[in-house]
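Okay, here we've got a single chain as structure tokens, the form predicted on its own, with questions on binding and movement later.
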């Protein structure tokens, strides 16, 4: 099912600075590119998977300042993300200091949201975005492994 891109919004994948993308606690062979890169994220056989526990911390820098409008996160019913916290312009965040900062937005995803539904963000808090940090805190089933099939960011430059 195709996700509906809001009018005047573009898929920001073309503005991702791939050299700076980082993902903490990703399982080897199931890396962030599987969920974020065009082509990969449309392949249901590929996904991002957590390694040591259910948490995943993703850092996405952009090549220019963007305004973020909405996010699509697709995942399986059980292992798909539940609590997702979004931070803007925070460099060098780690699991040790992720709770030191208030998120710009916090989303509790339903299983329906995980079917690649666009979730609108608090637009006023995502105006001058140079980088986005996505913290997946837990998953739907309370499992040790979280899986993300697709992450898409929509907004304007």
Partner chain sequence: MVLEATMICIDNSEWMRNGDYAPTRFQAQSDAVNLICGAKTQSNPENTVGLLTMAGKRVRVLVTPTSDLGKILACMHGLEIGGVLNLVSGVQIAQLALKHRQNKNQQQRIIVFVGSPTKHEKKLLEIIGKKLKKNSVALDVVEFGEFDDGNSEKLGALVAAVNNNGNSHIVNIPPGPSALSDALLTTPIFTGDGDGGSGFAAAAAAVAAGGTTGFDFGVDPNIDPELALALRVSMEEERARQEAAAKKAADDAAKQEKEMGQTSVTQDVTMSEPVVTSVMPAADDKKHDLTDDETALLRQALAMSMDDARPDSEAGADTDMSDVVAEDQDLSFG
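None of the values given here were measured: they were computed from a predicted structure. Numbering follows the first chain given and starts at 1.
A second form of this protein, the form predicted in complex with its partner chain, is not displayed here; the remarks below concern that form.
Checking 106, 97, 111, 120 for any heavy atom within 4.5 Å of its partner chain in the model of the complex turns up a single hit: 97. Shown alone, this chain has one stretch from 40-48, 66-74, 111-119, 53-61 that lies within 4.5 Å of its partner chain in the model of the complex by heavy atoms: 53-61. With a 4.5 Å cutoff on heavy atoms, residue 31 does not count as touching its partner chain in the model of the complex; it lies far away. Residue contact check for residue 22: one or more of its heavy atoms lie within 4.5 Å of its partner chain in the model of the complex.
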